[in-house]
Structures are given as structure tokens and as C-alpha cells.
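What follows is a single chain, given as C-alpha cells, in the form predicted alone.
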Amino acid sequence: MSENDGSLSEVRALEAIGVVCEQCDWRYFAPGDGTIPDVSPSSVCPHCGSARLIPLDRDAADHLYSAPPELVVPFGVSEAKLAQQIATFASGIPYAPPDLTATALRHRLQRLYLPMWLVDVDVTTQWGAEVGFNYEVVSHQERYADGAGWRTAEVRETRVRWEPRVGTLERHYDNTAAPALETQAALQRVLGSFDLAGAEPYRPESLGRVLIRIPDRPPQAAWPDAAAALQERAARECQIAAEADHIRSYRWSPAYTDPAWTLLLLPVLAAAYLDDDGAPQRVLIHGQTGQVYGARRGSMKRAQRVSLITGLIALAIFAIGLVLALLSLLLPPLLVVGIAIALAAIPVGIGAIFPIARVWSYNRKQADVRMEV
């Protein structure tokens, strides 16, 4: 956090504000010039896609400044890859809703940053572990080969020698990450992990008017995750200090002092399309890889219209056949033609149920897709 101790003053200097969605209650931090992004569709909530954002009152927004952003992972997906991924998402859906098009999704794209906690802390502890050292064992095996008789083959095997170690550790650890959202695990499951190596110092003016999701998981709730990550870091350092190849059964009883919490921002893009009922269906896109996640649903209304039209065509064909069959009373040769046309209406009528059945089957297979983040 040493490189960005001025973040708090920078945030206040720019008069950034907190905003909230009236419908889903997701809360955001709006950096920049202190105004809510007001150009459509940026004023739409990226979470529910169906409500506009309003300012938080000052008391509710005060906690925004207690843990300012420190690092930000920049958007890295190229425009070409983004367009390709969106086009792939919007294609191959039987009777897709009219609003589910690559053009509509790209028009509604919103950039958004999701938070992770970063904690700096001093750790003092006694530790103990078993460290392992690789060594090689050479042995010989006798093998019988047809036509060649017995042959001796040299076999090399790597084994591990385990030895106990104890020691004292006094360290300052910077930027140990922990989830700041209750849905962090779901986010990583559907979009994949983020490459944090390219994280840059947070500069409010460089982000423009991109919304930042406010953590819904306080540092106290995130601490167990941070403590587990700190133990892993300490174990690796003790392994390196012992010049060992492996470490196991790492034990410690740490004392933590001077914890300082800041935020790491992860880039995502949000979009939405309107389903049959006019309700927005959210789509999330990984800001580095372009991985797209969202519900892909066929339109039952479109399928029903196609089925209705197909059914009417079948009925019209059958009526024509029936009329020709009746006219055969005057012109007997028309009987065969009328029967043939009437019979042709049967497969057309059966085919009328295919659009509905296809969409129902497709949507059923997609039913396990839930927007959990």
C-alpha cells in the first residue's frame, strides 16, 4: 500500500459519490467528476439491468472512503476478440428472442470493476513443519524380451527425504488478497480467474466514469480467507529458507499487528438482453479473456408464432385437398389429387409442433445456468 497512500485524498478531491440501485440494492462507487454516468445505458444497473442508479445519502456513503482502491487490473480483451465472443454467445440459439443479438449486446456493454480485499499486515510467529528434499535412487531390473533373453535395465527413481524444522518468522506481508463479495467464488467459477500480475496503481482520473462495485463482505468476514492465504505465503517462505523441495504439516501460531485494508479492482463488462416477458437477462464478460457467461434462452413466443403459421399452412393444404376431393364428384380424376394433397398436410401439421418442442428442449438443457454473481 506504500505506493498509493494518497488514494483516499485523491478520492475525496474528485468528489466521487456512492450510488445504489433501487431495485436490487447493489451499491457502487462512482469515481470521476462526482456525477452518476448519465448517458444511456450507463445509468442502468449492471447487476439487474432494469433500474436506474440514484445517489446514496452522505451517511450511507461514508464507509466508501474507509478502504480506498489501491490496485486495478486493467481491461485487456481486444475489441476483435470481444466482438467474436459476443457473436458466439448470441448465435446457435433456436428462435432466439428478437433482442438477443450481438449488436444489441455490444450496444449495451458497461464496464464495471468488482472488488477484492487487499490486506497489509505484520506477522510474528513460531512455526514448525516437515520439509522434504528430493534424492535419486538407482536400481536395476531384470526383464525378459522374446528373442533377446534376459536384459538388465537401469531404473532411476526420485524419492523424498523428510526432516523436521522449526523456527521464528517475523515478516511484513503486503497485498494479501481475500474475497470482498459473497459471490466471489461463483464469479470465478463462471468467468475464470484473473491475472493479477498486471495490476496497476489505482488512479481515479484514469478510470473515467466506470462504476466500482462496493464490497458486501466486510474485512472481518474476509479475514479467515486472508489468514489462510498468509499461512500459504509463510509456508512457501519457510520452504525457501530451508532450501527444501517440499513442505508439509506447516504449523504456526501467528500474532497479527497493524492490518491495513485496501481494494483490488477486477475488470468485467456487463450487458443484457430482453427475454419474452421484456425482463432483462444479464450477461457478464471477463475483462481480460472475453469469457462470456449468461443465460441463453430460445423465445417460446417466436416458436409458438412459427408453429401457428405452420399449422395454418397445414390446415390450408388440407382444406385445398378436401375441396378437390369434393370436386371429384364432378371430375373424378380430382379425387386422387385431392387425397394426395390432404395427406401432404399431415407431415406439415406434425412439423408445426417442432419449433415449440425444440425451444422447450433447448431451454430445459440451459435451465442450470443461473446468474449467481
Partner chain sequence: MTTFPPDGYQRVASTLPGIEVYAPVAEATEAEAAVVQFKCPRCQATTAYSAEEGGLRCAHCGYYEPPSTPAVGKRAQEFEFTVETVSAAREAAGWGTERRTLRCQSCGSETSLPPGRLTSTCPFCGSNQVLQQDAPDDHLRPRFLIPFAIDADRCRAIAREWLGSSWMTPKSLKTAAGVTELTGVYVPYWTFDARTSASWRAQVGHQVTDRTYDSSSKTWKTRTRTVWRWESGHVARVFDDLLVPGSDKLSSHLLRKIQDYDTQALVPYAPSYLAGLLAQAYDVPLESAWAVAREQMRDRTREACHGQASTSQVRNFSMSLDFSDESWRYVVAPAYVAAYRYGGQSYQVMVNGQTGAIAGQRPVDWTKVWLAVAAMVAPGLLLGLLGVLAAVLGTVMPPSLAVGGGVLLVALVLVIIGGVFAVMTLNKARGMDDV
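As the structure is a prediction and not an experimental result, all values here were calculated from the model. Residue numbers count along the first chain shown, from 1. Rigid core here is just the name for the largest C-alpha set that superposes within 1.5 Å across the two forms.
Beyond the structure shown, there is the form predicted in complex with its partner chain, which is absent from this document and is the topic of what follows.
Just to confirm, with a 4.5 Å cut-off on non-hydrogen atoms, which of Ala145, Ala80, Ala255, Ala197 contacts its partner chain in the predicted complex?
Among Ala145, Ala80, Ala255, Ala197, a heavy atom within 4.5 Å of its partner chain in the predicted complex occurs only for Ala145.
Out of Gly208, Pro218, Pro201, Gly167, which one falls within 4.5 Å of its partner chain in the predicted complex, going by heavy atoms?
Spelling it out, the residue with a heavy atom inside the cut-off is Gly167.
Hey, in the predicted complex, does Glu237 get a heavy atom within 4.5 angstroms of its partner chain?
Yes.
Just checking whether Trp127 would be counted as a contact of its partner chain in the predicted complex - the rule being heavy atoms within 4.5 angstroms.
Close contact exists here: in the predicted complex, Trp127 approaches its partner chain to within 4.5 Å, heavy atoms only.
Contact with its partner chain in the predicted complex for Ala241, defined as at least one heavy atom pair within 4.5 Å: yes or no?
Flag for Ala241 set to yes.
At the 4.5 Å heavy atom threshold, is Arg159 in contact with its partner chain in the predicted complex?
Contact check for Arg159: yes, within 4.5 Å of its partner chain in the predicted complex.
For the interface check, one of 258 to 266, 293 to 301, 183 to 191, 170 to 178 should have non-hydrogen atoms within 4.5 Å of its partner chain in the predicted complex; which one?
Comparing against its partner chain in the predicted complex, the contact stretch is 170 to 178.
Note that its partner chain is not shown here; using its position in the predicted complex, name the residues of 124 to 138 with a heavy atom within 4.5 Å of it, in sequence order.
Stretch hits, in order: Gln126, Trp127, Gly128, Tyr135, Glu136, Val137, Val138.
When you overlay the rigid core, is the Cα of Gln220 off by 2 Å or more between this form and the one not shown?
Stays below the 2 Å threshold, so no.
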